[in-house]
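Next up is one chain by itself, shown in structure tokens, the form predicted on its own.
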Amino acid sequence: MTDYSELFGRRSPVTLPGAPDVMTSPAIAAVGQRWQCQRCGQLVAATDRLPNGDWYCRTCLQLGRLTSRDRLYTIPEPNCFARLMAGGLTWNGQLSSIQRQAARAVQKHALAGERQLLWAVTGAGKTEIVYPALAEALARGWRVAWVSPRVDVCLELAPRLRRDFAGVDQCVLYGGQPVPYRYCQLTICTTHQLLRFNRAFDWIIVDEVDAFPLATSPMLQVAIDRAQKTQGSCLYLTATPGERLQREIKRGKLAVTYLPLRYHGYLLPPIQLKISWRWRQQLQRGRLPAGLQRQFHLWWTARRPFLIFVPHVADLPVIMTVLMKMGLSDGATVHAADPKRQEKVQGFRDGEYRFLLTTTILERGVTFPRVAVAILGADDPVFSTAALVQIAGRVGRLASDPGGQVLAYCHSNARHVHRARAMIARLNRQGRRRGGRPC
């Protein structure tokens, strides 16, 4: 028997003979004097034409080439899932009282079909707070997508959901994935992968909604809306919502649940500002400021793993050379285009590396035990206020080690650095009123 499930709620350029209820549309359609891609919604540039005269979409080319000769096929989502006891939840952990309050609010808004935001500090346990609502959604036969703009977030989340919802059929989608797509009740994917879906999901959980590229991409915002069923809803997760979401809260268009305290009850580690004059000039001479060298050696001798964030990919090999001269071995550099990115991050988590020298790709969505953080050039514009707060949130995430240092090395007193420090101080004041303990 032919399996038509690949087309359930999907927009695919591949048709299946004899598929029932199949809907079809041109992949590239004429709109006035222009051509528009029906997968990503972007207008085709006047130069994007093949030698045979066909138009093609360059914007979503990484998902497979679409031309004006192609068509897209879809079958309306039928929700062909067996009903699960307890929603397939196999997690045996316990939520704290403050987490339970947030979890009940999230579940209430989800079952009411409301768009909502869970605004919780880094390390608050957002994933586990969503579990009761997710279990109820799956028990009701909903199809659910848990998405993020960052592939690192998806890759860290997928094994957790596989462990904690062992009774649920799941798939993971991202660029270059080794396992082909299959129809599942729970899909973990990057936001770009949602371009392939059409009215498929009853509930979409958008993790790290303020992260690049989602925060600045109207195309990806449309992808979320189109992948969601007409009667479906969204849950946004973040510690640092942007101005757009905050405006929607004020206008009553978005329900919100606040959680100003980490799951273990300790406050956020503050960002310690360190003025380091002319550090780039010293770097050109093959050395780092003496205070920075001392700090790295302290972490090294204490066997505390640490992350060093730098503004640009070009800084990575230069700084790594200096660190090697200092005798700091067993480290690695990692950035977005690194082909061994996933292996290096896992190697650091497993203790294979003593430190990682990284760009902002590790600013959010990853947890490392006992880690300390240094941000070199924190006054560079590439580090936004939200990015600095997220980077600081890598520290002290475990109850067994709720403290740790976050050091920001700057040429000068940059405004966005002070805003990040002020945001953490404000969150800690709110957390202290809820009984938070200093780390």
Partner chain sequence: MLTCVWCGRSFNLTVTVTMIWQWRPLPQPALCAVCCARLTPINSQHCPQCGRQQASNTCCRDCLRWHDSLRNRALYCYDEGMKAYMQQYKFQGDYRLRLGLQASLRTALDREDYDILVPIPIDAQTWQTRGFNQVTGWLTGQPFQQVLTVTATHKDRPQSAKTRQERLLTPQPFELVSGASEIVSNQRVLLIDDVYTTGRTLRHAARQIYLGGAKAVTSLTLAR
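Note that the coordinates shown come from a computational prediction; the quantities given were computed from them, not determined experimentally. Residue numbers count along the first chain shown, from 1.
Omitted here: the form predicted in complex with the partner chain. The next part is about that form.
Peer 1: May I ask you to choose, among 61, 399, 382, 31, the residue with a heavy atom within 4.5 Å of the partner chain in the model of the complex?
Peer 2: None of the others qualify; the residue that does is 61.
Peer 1: Since the chain is shown here on its own, which stretch among 41-49, 382-390, 407-415, 22-30 would lie within 4.5 Å of the partner chain in the model of the complex, judged by heavy atoms?
Peer 2: Within 4.5 Å of the partner lies stretch 41-49.
Peer 1: Residue 35 near the partner chain in the model of the complex, any heavy atom under 4.5 Å?
Peer 2: No.
Peer 1: Is there any non-hydrogen atom of residue 55 lying within 4.5 Å of the partner chain in the model of the complex?
Peer 2: No.
Peer 1: With a 4.5 Å heavy atom cut-off, would you call residue 69 a contact of the partner chain in the model of the complex?
Peer 2: Although the partner chain is absent here, residue 69 would touch it in the model of the complex, with heavy atoms inside 4.5 Å.
Peer 1: Decide whether residue 65 counts as a contact residue for the partner chain in the model of the complex under a heavy atom distance cut-off of 4.5 Å.
Peer 2: Yes, residue 65 lies within 4.5 Å of the partner chain in the model of the complex.
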